[in-house]
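In structure tokens, the next block holds one chain alone, the form predicted alone.
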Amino acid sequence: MLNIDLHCHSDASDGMLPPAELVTRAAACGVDVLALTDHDEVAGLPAARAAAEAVGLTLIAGVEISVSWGGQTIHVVGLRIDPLHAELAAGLEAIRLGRMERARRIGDDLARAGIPGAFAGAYACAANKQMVGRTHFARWLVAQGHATDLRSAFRRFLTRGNPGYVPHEWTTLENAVGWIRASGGIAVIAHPGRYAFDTRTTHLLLDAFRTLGGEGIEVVTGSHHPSEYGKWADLARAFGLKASRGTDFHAPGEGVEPGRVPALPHYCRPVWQGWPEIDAHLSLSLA
């Protein structure tokens, strides 16, 4: 059985490791197939691909797109995309411009709450200066002693109702799925257990996603508690969606290491079923 991790981040977005270092770490953790899925950014893919070829790991070109739906931010992962596709590239560029506007407003909100210098601090934490996000603010807040860890930084400062939370309109679900499909990719709902939707709204989301051409949902992820795997596996089957697996790795010490989550439940239909990259990797490993 191959170790397949279809959700990881580099410092091209809000991860801590450069793309090549991320790939090397994933290989050391036993990952056979890795998707680099940076937030609204594909700039890390060339370096990641070169590193993957060097260590014998199969790299899947991916992205994680920020979407506004149902009054919340949700994320849609694109897998097997063409990162050079014009429609996808233009859409991601527009999102990145909005991301920087949001970052400045987060900094202003924290300043009003008595925490000056947050935007400059988060900006310094970001390797990709177009991609300043809440995780960079959280790391800066921890470094400055305003929070003990990332979880508490988000809980105290960066979530709804707290200083540092600012509402923002990302792109639409229709756009995100359309860009992914236009580039030849497969659209997957990321870590659905993180969204504060009731059962009815969750079903509406899955139905809308499937109608737009979405094909998968993350079932096993570092963002889900093991007790949730069965729930999302059942919903994937009920809505005719394929199941994905990914750690959502961002940095050493900030959660699960690449590839270190359980296998999909046996009755799931894997999103990677029939991918030629998987068959090629299996052939090489058996040669």
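Fair warning: this is a prediction, and the values are worked out from it, not measured in the lab. Note that residue numbering follows the sequence shown and begins at 1.
Another form exists, predicted in complex with adenosine monophosphate; not displayed. Remarks below refer to it.
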Answer with one of 105, 80, 96, 194: the residue that has a non-hydrogen atom within 4.5 Å of adenosine monophosphate in the predicted bound form.
194
Going by heavy atom distances of 4.5 angstroms or less, which of 133, 214, 185, 91 would be at the interface with adenosine monophosphate in the predicted bound form?
133
According to a 4.5 angstroms non-hydrogen atom cut-off, is residue 160 in contact with adenosine monophosphate in the predicted bound form?
no
Answer yes if any heavy atom of residue 112 is within 4.5 Å of a heavy atom of adenosine monophosphate in the predicted bound form; otherwise answer no.
no
Adenosine monophosphate contact in the predicted bound form: residue 250, any heavy atom under 4.5 Å
yes
Does residue 123 reach adenosine monophosphate in the predicted bound form if we count a contact as any heavy atom within 4.5 Å?
no
Using a 4.5 Å heavy atom cut-off, which stretch among 97-105, 83-91, 113-121, 205-213 contacts adenosine monophosphate in the predicted bound form?
97-105
Each of 5, 245 and 267 having a non-hydrogen atom within 4.5 Å of adenosine monophosphate in the predicted bound form: is that the case here?
no
Sequence order please: the residues of 152-172 with a heavy atom within 4.5 Å of adenosine monophosphate in the predicted bound form.
154, 170
